[in-house]
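Have a look below at one chain only, the form predicted on its own, in structure tokens format.
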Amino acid sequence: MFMGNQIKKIGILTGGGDCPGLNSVLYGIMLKAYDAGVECVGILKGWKGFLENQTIPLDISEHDDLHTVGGTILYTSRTNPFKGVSSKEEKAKELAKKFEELGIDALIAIGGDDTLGVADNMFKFANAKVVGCPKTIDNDIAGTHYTFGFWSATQLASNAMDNLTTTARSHQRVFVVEVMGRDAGFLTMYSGISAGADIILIPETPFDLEKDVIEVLKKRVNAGYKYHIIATSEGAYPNLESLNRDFKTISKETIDKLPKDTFGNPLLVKLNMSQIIVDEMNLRDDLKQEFLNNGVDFECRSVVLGHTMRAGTPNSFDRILGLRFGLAAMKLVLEGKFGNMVSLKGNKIKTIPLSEGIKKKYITPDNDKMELRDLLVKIRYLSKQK
């Protein structure tokens, strides 16, 4: 039986993009650690600070109500310690030895699949005393139903589209709103449905520009609609048939040549899909004529929400989920249940192996949000046809 009192000092790091609720997790950890007599050390700038021994003491008396504050007081980075290494096992063992240099007995890593993938390798190859806490506003980690920060970001994007509607209505304009989501469309789907977006494009269902955008806009304007909101994920992309047939401003080569981040992921934000859609629509004389036939001058603009989606304080759901995750992660440390991560299943906090939890999650075809999206698009213009 593992005894919690063997753990005297724990390190905590936050990696990847910041999001609302990170400080809530820190506070949850610190609350339980203080109660258990365990000292907390903050490792700055994620794995970069871990490699460079950048630490700060975490005294809970100096951080009252930290769970209400956005971002992370530990800073963050997208540093991959395994980049370019020939042997993951050797690197993992080297990383595990850093515990002694840092003066910590265990580590809680808070991050997405990339950050937690490093922690999983450390446990798998070096039996390091690590525990994971899933973090991504994209909500695309398989091991948890929701991640903290997701609902705050969803609400922000929904509010942005609500607000843009007044300008779209005033100018009889088409707005293409780009929402974060490199691989998965949860943020775009949830915020788009919430705000009543007229077209929703996500990575899971490659779109057909003619069928899913141009034809829908023509049907809408003929049904009497004067303005339109298109929500697109930054990682949404056209199917190959549409790319070859409909697109004049990009080609498959454009997508293939995108730069990649330190973990090898294509930087889809560099594609600027919202602007590409705007550019393509502006080349369509048939679309402009359809609008003119209905007394509307065609005008289209793109809006990229970008890092605003990570900004601000967490909402109540994310504050509480962050606190619960932090509490549960610290309890795993005290119980010696390393190599695991905390997760939300229904309304319960559960424990699952890091290796399972960090797998990717996507919106599946049978998801009811898919059906809602399609019904929202179709029924509104159908119901207004005379």
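Values in this document were obtained by computation on a predicted structure and should not be read as measured data. Residue numbers here begin at 1 and follow the sequence given.
Another form exists, predicted in complex with ligand F6P; not displayed. Remarks below refer to it.
Legend entry - ligand F6P in the predicted complex: contacting segment from 245-253, 277-285, 179-187, 222-230, heavy atom within 4.5 Å: Partner-contacting stretch among the options: 179-187.
Inset, instruction - May I ask you to check whether Lys93 falls inside a 4.5 Å heavy atom distance of ligand F6P in the predicted complex? - result: Looking in the predicted complex, residue contacts with ligand F6P do not include Lys93, since no heavy atom lies within 4.5 Å.
Inset, instruction - With heavy atoms only and a cut-off of 4.5 Å, decide whether Arg310 touches ligand F6P in the predicted complex. - result: Residue-level check for Arg310: yes, a contact with ligand F6P.
Inset, instruction - Answer yes if any heavy atom of Ile137 is within 4.5 Å of a heavy atom of ligand F6P in the predicted complex; otherwise answer no. - result: Ile137: yes, in contact with ligand F6P in the predicted complex.
Inset, instruction - Give a yes/no on whether Glu234 approaches ligand F6P to within 4.5 Å in the predicted complex, heavy atoms considered. - result: Residue-level check for Glu234: yes, a contact with ligand F6P.
Inset, instruction - Heavy atom within 4.5 Å of ligand F6P in the predicted complex: which of Lys98, Lys129, Lys218, Arg78 fits that? Just give me the one. - result: If I apply the 4.5 Å criterion carefully, the residue I get is Arg78.
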